[in-house]
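Just one chain follows, in the form predicted alone, and it is written as structure tokens.
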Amino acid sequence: MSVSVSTVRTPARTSRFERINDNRAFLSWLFMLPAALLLLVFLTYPLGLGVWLGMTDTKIGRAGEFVGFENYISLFRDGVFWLSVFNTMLYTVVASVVKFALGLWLALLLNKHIPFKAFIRAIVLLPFIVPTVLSAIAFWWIYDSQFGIISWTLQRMGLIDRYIDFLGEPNLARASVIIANIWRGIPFVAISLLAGLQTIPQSLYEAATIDGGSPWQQFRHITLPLLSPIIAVVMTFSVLFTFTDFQLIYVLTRGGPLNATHLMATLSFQRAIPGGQLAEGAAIANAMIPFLLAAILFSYFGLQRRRWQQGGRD
């Protein structure tokens, strides 16, 4: 009897397990649960706390009271805040566009059959592997007004008669930090786009060549459309990394000179921690959220286009 019972029950247990295993929606939620818990603890709670602090008058060492939107109204009248918004937009747009252009060119170059291609790829990754602070310190030395290698070289060549103060003049400081960010961000864009290029079937290029398509036509009608979903994701992350950049600016200029390189992230830190105005710093950080949401929506619509290209909804 026991044998017959076990024989009857085992298929029932197996069938239940198989039904759960075949339920892709249930398995998807099950696998996402640990990551969702981590995001809830380490992202959702700090974000909620920041939103709450932005609506209070909290300072370091003193609990605040609810004041509504007073901090945001004060920011709209703050010239330094609007200067940081301008700096952030300029920094993000210029650096992201140049990183994309140079990264795409480098990816197309590395996708070809060239000597020492593996070695060149490793070299390209170096700026991204080096810690940001070390990169900033290296650029700080390069830009130094007395001992900088650029000014020293130009002076020895007779092109200038005095050292250039890269980090002491507002416009030069803006350009200098943008160049440093571009140097650091190109490897991420290049390697990511290179991975996307290698997924494009070579048969498409061979067919286009037989049909008499020029290299530009192949790039425009084959490479760019098939690479567009990868471009959407890569540029979203590039914009997010650039928009929220803090370490590079803080080490190089700390927002100077004359607040010319203050980004929203660095200004938020300066007001909240050294300045002691936690609520004001939180309000500045919260003002970054609409821009970040716009970047996420850009990535979302890029992925939607990929679904359309694949001819399905999943």
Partner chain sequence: MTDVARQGAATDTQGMDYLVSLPRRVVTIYIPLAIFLFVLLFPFYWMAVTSFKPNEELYDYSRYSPFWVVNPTLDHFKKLFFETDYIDWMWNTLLISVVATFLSLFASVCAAYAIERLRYTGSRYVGMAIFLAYLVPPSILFIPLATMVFGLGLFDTRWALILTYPTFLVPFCTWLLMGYFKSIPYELEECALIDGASRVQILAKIILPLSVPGLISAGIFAFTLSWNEFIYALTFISSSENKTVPVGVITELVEGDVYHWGSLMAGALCGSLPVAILYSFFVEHYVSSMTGAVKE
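What you see is a predicted model; the values in this text were computed from it and never measured. Positions refer to the first chain, counted from 1. Think of the rigid core as the biggest set of C-alphas that the two forms share within 1.5 Å after superposition.
Here the subject shifts to the form predicted in complex with its partner chain, a form of this protein not shown in this document.
The chain is drawn here without its partner chain; in the predicted complex, the stretch among 72 to 80, 169 to 177, 229 to 237, 86 to 94 whose residues come within 4.5 Å of it by any heavy atom is 229 to 237. Using a 4.5 Å cut-off to its partner chain in the predicted complex, not one of Met55, Ile164 and Thr253 places a heavy atom inside that distance.
Using a 4.5 angstroms limit between non-hydrogen atoms, Gly275 is distant from its partner chain in the predicted complex.
Taking non-hydrogen atoms only, Pro46 approaches its partner chain to within 4.5 angstroms in the predicted complex. Its partner chain in the predicted complex comes within 4.5 Å of a heavy atom belonging to Ala35. In the predicted complex, Met157 stays away from its partner chain, with no heavy atom inside 4.5 Å.
Looking at 164 to 180, no residue comes within 4.5 Å of its partner chain in the predicted complex, counting any heavy atom.
The Cα shift for Leu30 between the shown form and the other one, taken after rigid core superposition, is 2 angstroms or larger.
After superposing the rigid core, the Cα of His113 is displaced by less than 2 Å between the shown form and the other one. Core-aligned CA deviation for Arg77 between the shown form and the other one: less than 2 Å.
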